[in-house]
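The chain that follows stands alone, in the form predicted alone, written as structure tokens.
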Amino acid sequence: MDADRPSASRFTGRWQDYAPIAFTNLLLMIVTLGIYRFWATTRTRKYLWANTHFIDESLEWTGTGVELLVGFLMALVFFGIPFFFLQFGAQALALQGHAAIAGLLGIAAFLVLLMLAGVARFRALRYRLSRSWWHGIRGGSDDNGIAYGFSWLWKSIVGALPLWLLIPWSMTSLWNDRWERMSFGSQTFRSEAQAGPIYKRFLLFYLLPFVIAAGAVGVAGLFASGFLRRDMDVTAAIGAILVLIVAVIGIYILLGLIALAYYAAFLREAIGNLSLGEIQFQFGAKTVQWLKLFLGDVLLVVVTLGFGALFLSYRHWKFFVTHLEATGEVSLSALGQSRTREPGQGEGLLDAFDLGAL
């Protein structure tokens, strides 16, 4: 990307302007025992979208709190309650000695839950595109997401079965499936993300625990032999235990860093192969920038005794918009208006599963 060329996407918001919205949302959620959170989400999105400029126009969020509430209630009634009874039915059968039937019901419940997680992610993206306007044009999809839910189910299982070695394929394939069913205006997204470019980082994350486990067994063997020979005094033993504790903590930190590096590479590959008409998207955030975002989140929450969590959605949206880039030509007449059906409710399933739409 040319450093002298203005960025296609810009975020013009300021945390000082967002603070009154965040603290008012918190107060109203406390007063309403959490019910206001659907309207709080809407107020937050209206501010973030309005301060996000793509090329020559800011975005507009047209969703409502009522839509989010209705979506949540529908998910609770049509999916939550039946799943609740299915789980308790399986437990009751197990207590009555029908272990085999209870086990089958438990497996069925897990598979249904996994499929619904895919439906939730799909419908949330569809809803957010349908409520995001740019130059009076919106996005969306006529797909109800059920087929994608089954695709999510079998690809997640296939990705995990060979010792999780096909997870990168599963992630990129599902990303492509989801976006290629979406459109903005009259044009459909194209997505051609590949697993190959991100496999090295995945294998690093995948193989490191085995290497560490082998090293830990060797070190434990040395310590054990020292104790058996009784040539290790108490001070040395305490020191060895402290070293092991520090090593375990270090391992978790290292695994987290590698996982972050893999996720950064995945998003660069996924968004970098996403296009709409003549527009080609890129996402430039590298691992170091993701790490700064994460450490900043932790520091903000800890220093403010938890109140900083109110600004995490602001920080994450700003991070995303800042590192998003696009190249190509945009023709509003060619883009046209979307003819997809607008969903009448919000992200109920997504809210229930606490998943991210992107």
Partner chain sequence: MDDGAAITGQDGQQGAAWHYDGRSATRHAVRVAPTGEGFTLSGDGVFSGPHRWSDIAALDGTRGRSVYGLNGLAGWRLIFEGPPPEAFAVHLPLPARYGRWVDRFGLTRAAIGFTAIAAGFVALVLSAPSWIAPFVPRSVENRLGDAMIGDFGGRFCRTAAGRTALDRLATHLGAEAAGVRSVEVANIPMVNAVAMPGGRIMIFDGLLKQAKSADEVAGVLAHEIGHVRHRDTMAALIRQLGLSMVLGGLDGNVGALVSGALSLSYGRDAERAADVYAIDALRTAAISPDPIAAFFDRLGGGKGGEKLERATGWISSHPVSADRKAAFQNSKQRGKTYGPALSDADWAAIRGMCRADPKGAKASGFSW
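None of the values given here were measured: they were computed from a predicted structure. Numbering follows the first chain given and starts at 1.
Only in words, not in the display: the form predicted in complex with its partner chain, which the text now covers.
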> With its partner chain left out of view, which of Arg181, His135, Lys155, Arg128 would have a heavy atom within 4.5 Å of it in the predicted bound form?
Replying inline: His135
> Which one of Leu26, Leu332, Leu291, Ala309 is close to its partner chain in the predicted bound form, taking close to mean a heavy atom within 4.5 Å?
Replying inline: Leu332
> Contact between Gly296 and its partner chain in the predicted bound form at 4.5 Å, heavy atoms?
Replying inline: no
> Using heavy atoms and a 4.5 Å limit, would one call Ala50 a contact residue for its partner chain in the predicted bound form?
Replying inline: yes
> Could you tell me if Thr62 has a non-hydrogen atom within 4.5 Å of its partner chain in the predicted bound form?
Replying inline: yes
>> With a cut-off of 4.5 Å between heavy atoms, is Leu33 one of the residues that contacts its partner chain in the predicted bound form?
In response: yes
> Hey, of 195-203, 76-84, 261-269, 112-120, which bit sits against its partner chain in the predicted bound form at 4.5 Å between non-hydrogen atoms?
Replying inline: 76-84
> Who in 156-193 is close to its partner chain in the predicted bound form, meaning a heavy atom within 4.5 Å?
Replying inline: none
